[in-house]
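Just one chain is shown here, as structure tokens, and it is the form predicted alone.
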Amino acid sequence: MQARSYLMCPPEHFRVEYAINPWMNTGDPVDRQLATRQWRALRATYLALGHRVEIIDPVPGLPDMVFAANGATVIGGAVLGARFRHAERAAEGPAYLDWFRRSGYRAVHEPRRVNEGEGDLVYTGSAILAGHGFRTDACVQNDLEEIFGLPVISLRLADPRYYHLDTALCLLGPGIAAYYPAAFDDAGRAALASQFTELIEVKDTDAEVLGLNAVSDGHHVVLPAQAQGLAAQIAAAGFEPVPVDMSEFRKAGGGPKCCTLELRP
């Protein structure tokens, strides 16, 4: 297992002030103290596993900035900034780009098309899976190929509950992923079958607690504690599940992965 570097944003301003996905309900308020404890526990989990965690300062008025995975895509030290579909999140993109520039990243690219970072873009090690249908534009494929020099596999998401690719698929290791088949159309399922030697099909009950919004370092898989069936499946596949409770973040449609942006040198 190779140590990873992650970027996280403290949930200082996290709340559900608007509803831009089916999980969000402004009538179901966030317990801010519990959310803070859950976020800190996630960060402590990464550190205990030997990974590095960088912190970006939260910006007042951006309650979803805590979902760092949406802020950019970083592969080989190159950065593609995010451009959000909804006006409520628009200012997050520049905030994350500013952090990358201040942190010394030299190949920082302004987004030309709507893309929501690692929410919809998954680096497999040899290609990029690009989810579209609800948030990210399908034509972002051209930018990805130009910036990262990698083949791009376009996947149309079919269920609005799984509005980002990282709610419907988790890359576990080379050639193996867990996914929720019903979140994809026929072409997407066929494309995934052609890309992976092993696909673990997740049950409804685990998908519905956002169990696939998980982070794998190639051995440990940090996933929502409520996804017990998925934990058993990935353990049977040779990985070590590391459950964490992110229930407050599920109120906004997020989990461990949403709160975590990988910084790939």
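Just count from 1 along the sequence shown to find any residue number. Just so it is clear, the model here is predicted, and its values are computed rather than measured.
FYI, the form predicted together with a small molecule isn't displayed, but the following is about it.
Heavy atoms within 4.5 Å of the small molecule in the model of the complex belong, among the stretches 148-156, 69-77, 93-101, 122-130, to residues of 69-77.
Taken together, 6, 53 and 216 are entirely out of contact with the small molecule in the model of the complex: none brings a heavy atom within 4.5 Å. In the model of the complex, none of the heavy atoms of residue 261 sits within 4.5 Å of a heavy atom of the small molecule.
Proximity of residue 246 to the small molecule in the model of the complex falls outside the 4.5 Å heavy atom cutoff. In the model of the complex, at least one heavy atom of residue 163 sits within 4.5 Å of the small molecule. Using a 4.5 angstroms limit between non-hydrogen atoms, residue 242 is distant from the small molecule in the model of the complex.
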